[in-house]
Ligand code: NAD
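First, one chain by itself in structure tokens, the form predicted alone.
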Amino acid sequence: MRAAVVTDFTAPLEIQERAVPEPGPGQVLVRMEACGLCHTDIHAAHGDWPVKPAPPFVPGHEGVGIVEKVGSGVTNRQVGDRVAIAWLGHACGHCRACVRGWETLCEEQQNSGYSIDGAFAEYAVADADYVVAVPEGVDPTDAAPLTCAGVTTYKAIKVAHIEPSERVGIFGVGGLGHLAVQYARLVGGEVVAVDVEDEKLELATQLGADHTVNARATDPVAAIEALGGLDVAVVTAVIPQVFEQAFASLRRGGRLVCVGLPPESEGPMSLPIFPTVLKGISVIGSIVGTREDLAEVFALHALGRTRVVSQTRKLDEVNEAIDEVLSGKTPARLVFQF
């Protein structure tokens, strides 16, 4: 099989021929149909974060495909099922986080395309208990971005506890942000989309944003204050300054939801203590979503409640696709088709 492999953090990914893996006990072999390119894959390939993956490895955690083989002991999946391989590749199932429904906080978790090989390949093995069924009628090219970009922003909107008519700012209208706009609208939020590209802001308007702010053309904090400030700010961008702008845009009792993960080299976000305390601001970290969250994301899409904006690429174009994402010019999500 062909796979895109990270051999060194300073080198482009290599397209290699590898043997098709065999599923072990409790695993399934999935023939990939599509896999989205997430910014996390780029961070993994460049070793940007404090805890680094170990080359050589195969990135990819927005994988969708058909089960071709099942390992011993697998009873919940069968050959022919269409499933998604998400960021959460495995969790222990018995720690405090797991039993309380927060499996994404498990300290023993394994992550697809990071600590275990992922879906930038024609075939991938995955834990049968941690793949998620893709409903009939959901196209694989749509299902792939929903597997991370969708479930990540869906969870962020969930943990923000948005009430109808609250004003919600989405900072960064890309692969994640264009879906966050839709989820914020679904729960009744008055949506403010913030980006530096007019094309992306136009897309946000098409997807239901009530207001748009071009942060390159104007001071986003002043523009949002003119609207009356935000109750919730969801940041999908990966620049600490954007987190600080989002914080400054909140009115009293506001919630800052941190989603994007900047490279370690970008440095920390500055959090002013006095406004945080005096204005009663909550700062919330939101990390992807659970298997149940992803099932809900797929169900909403099957009902026609969301729209995925993407462009397809071939696996051979992986390095060019990474450059496209880093340029900030991509319309939303790039998806590799197999």
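Predicted model only: the values in this text are computed from it and were never measured. Each residue number is its position in the shown sequence, starting from 1.
One more form of this protein exists, namely the form predicted in complex with this ligand; it is left out here, but the text below deals with it.
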Query raised in the report: Would Val259 count as touching this ligand in the predicted bound form under a 4.5 Å heavy atom rule?
Result: yes
Report task. Indicate whether Thr152 is a 4.5 Å heavy atom neighbour of this ligand in the predicted bound form. Result -> yes
Query raised in the report: Does this ligand come within 4.5 Å of any heavy atom of Val325 in the predicted bound form?
Result: yes
Query raised in the report: Wondering, does Ala184 line up within 4.5 Å of this ligand in the predicted bound form on heavy atoms?
Result: no
Query raised in the report: Of 266-274, 292-300, 63-71, 37-45, which is the one stretch near this ligand in the predicted bound form, taking non-hydrogen atoms within 4.5 angstroms as near?
Result: 37-45
Query raised in the report: this ligand isn't shown here, but in the predicted bound form which of Ile224, Val134, Val242, Val191 has a heavy atom within 4.5 Å of it?
Result: Val242
Query - Val159, Ile116, Ala248, Val196 - the one with a heavy atom within 4.5 Å of this ligand in the predicted bound form - result: Val196
Requested in this report: Quick one: name the residues from 218-246 with any non-hydrogen atom within 4.5 angstroms of this ligand in the predicted bound form.
Outcome: Thr236, Ala237, Val238, Ile239, Val242
